[in-house]
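One chain comes next, on its own, written as C-alpha cells: the form predicted on its own.
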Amino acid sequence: MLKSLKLTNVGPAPMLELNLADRLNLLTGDNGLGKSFLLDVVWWVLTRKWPHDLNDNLTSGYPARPADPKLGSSIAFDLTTANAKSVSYESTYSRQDQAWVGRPGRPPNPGLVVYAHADGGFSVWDPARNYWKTKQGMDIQESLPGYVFSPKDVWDGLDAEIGGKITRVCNGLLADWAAWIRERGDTAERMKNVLARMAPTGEVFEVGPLVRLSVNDARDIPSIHMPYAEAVPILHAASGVRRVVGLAYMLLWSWNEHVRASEALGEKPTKTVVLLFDELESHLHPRWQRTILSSMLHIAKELHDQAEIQLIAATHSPLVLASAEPVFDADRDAWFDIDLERNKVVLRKRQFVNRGEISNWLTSNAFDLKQARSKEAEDAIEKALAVLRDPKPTRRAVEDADTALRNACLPDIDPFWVKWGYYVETKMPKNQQAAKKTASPVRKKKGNSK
C-alpha cells in the first residue's frame, strides 16, 4: 500500500508531495499539469519499471526526467509491505547513466498493481510472476518485469521474450472471453457478473452468443445484447462499451493469473491490490460516468475479497466526483487537486464536500469554472454582474449587458433573468427603463429568418 510520494525537480513542479489515503484517491486538475505523469510515477515506484520501457507501442508512460538537468532530482516514497512493515525509499537520477538509481533487488511493493491507461492500454505487475533476484548487488532478471499492453494487445493478446524465446503471456480479451463462454465455468460467470455490475443503474448488460464476423474470419467473437439487436459482436460495440469490457477483462485476467501463479509456487494470493486509473470516464456516456467509480470499488472488493484495495484515479469528470459523494469516507479517502498559480504548479489535498447538483462541481476547486454555463453565457453574465455592482451605471452599459445576455442565448428559465429583471424594474431610473425597452433587441426564435 503506497503511503506517500515526494518528487523533487521531477515533472511540472519544483516539488510535489502527497500523502495518500488507504482506499480511494482522486486526482483532478487542468490538462498538462501532471495527473497522468503522477500515475506513471506511482506505477514506477511500485514496480521499478516505466511502462514505455516494457512496451514501446505505448504512446505514454515514458521515463521521467529531471525538470532542470543541472539540479539534483529524487523520487521518494513510503509504503507498507506484505508484513505490514513501513518502508521508506529514495531514488536519485544519475546524469551519467541517464537512469534512476537506488537500492537493488525486488521492489518492496508486495501486491498486485493494475494500471488502466487513458488510451485503453493496461499495465499489470504481479508479485507472483514478475520477480527477480539479486546477486552480488546486481539485479538478475529471471522473469518478465511486468506486463504492459497496448490497446491492441488487450484485445488480441501479448507476446513477450522470455529466456530468448517469444512466448504468449496473454491470449487477449477476444480469445480468453470466447474460451470462458465455451467452458461455461466460473470465469465466464464472473465476467458476466462484473459486466452487470458495471452497467449504469437500471440498465442490463447481457452477454450474447459467440458469433463470426465473416465467412473468412474463423474467430469466435463474444457478443452483447443491445436494445436494437440480440447479438452485437463486441468489436462492433461503441467505444464506451469496449472501454468497460476492457476494464472488466483486465481486472479479471490479472487476478485469475495471479491466483494460478501463486498456487503453482505454493504461495498464498496477495493481500494488497493497487488500481490506477487515468481518465476513468474515458469514452463513457454521463450515465456510465455517474456509476463507474462505485462500480470499480465494488468489483475490486468482490474479486479481491481477502485483499486491501487502494484506488488512485485521475478524472476530468464532475459526474465522477459527484458519484463519489455517497461512498467518500474522509478517514479512508482523499481528493488531490493540481492548480496553476502564478505560473507554478501546486498540488493540494482538498476537503471533500458533498455538492449535490452536478453543476456545483464545475464551479468547485476541481474545475475552477466561474459559471456552469457556456463560455458566451459566462462572459455575458460577468458583464451584467459588473453593471449590478456599479452604483451609477450608464444607460449604454446597461443596454450592452442586456444585449450580451440575449446574444448568448441565455434561456428564459435561467435564474439569472430573475435578478436582472428585478434590477431593471426596481433600480434603474424610469427614463432609463423606457430607453432600455425601446433599444433592447428582441431575441429571435430559431428558424425565424425575418
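Numbers follow the displayed sequence, beginning with 1. Keep in mind that what you see is a predicted model, and the values were worked out from it rather than measured.
FYI, the form predicted together with a small molecule isn't displayed, but the following is about it.
Peer 1: With the small molecule left out here, work out from 398-406, 384-392, 56-64, 412-420 which stretch has heavy atoms within 4.5 Å of it in the predicted complex.
Peer 2: Result for this chain: 56-64.
Peer 1: Evaluate residue 37 for contact with the small molecule in the predicted complex, applying a 4.5 angstroms cut-off between non-hydrogen atoms, and reply yes or no.
Peer 2: Within the cut-off, so yes.
Peer 1: Residue 32: heavy atom within 4.5 Å of the small molecule in the predicted complex?
Peer 2: Yes.
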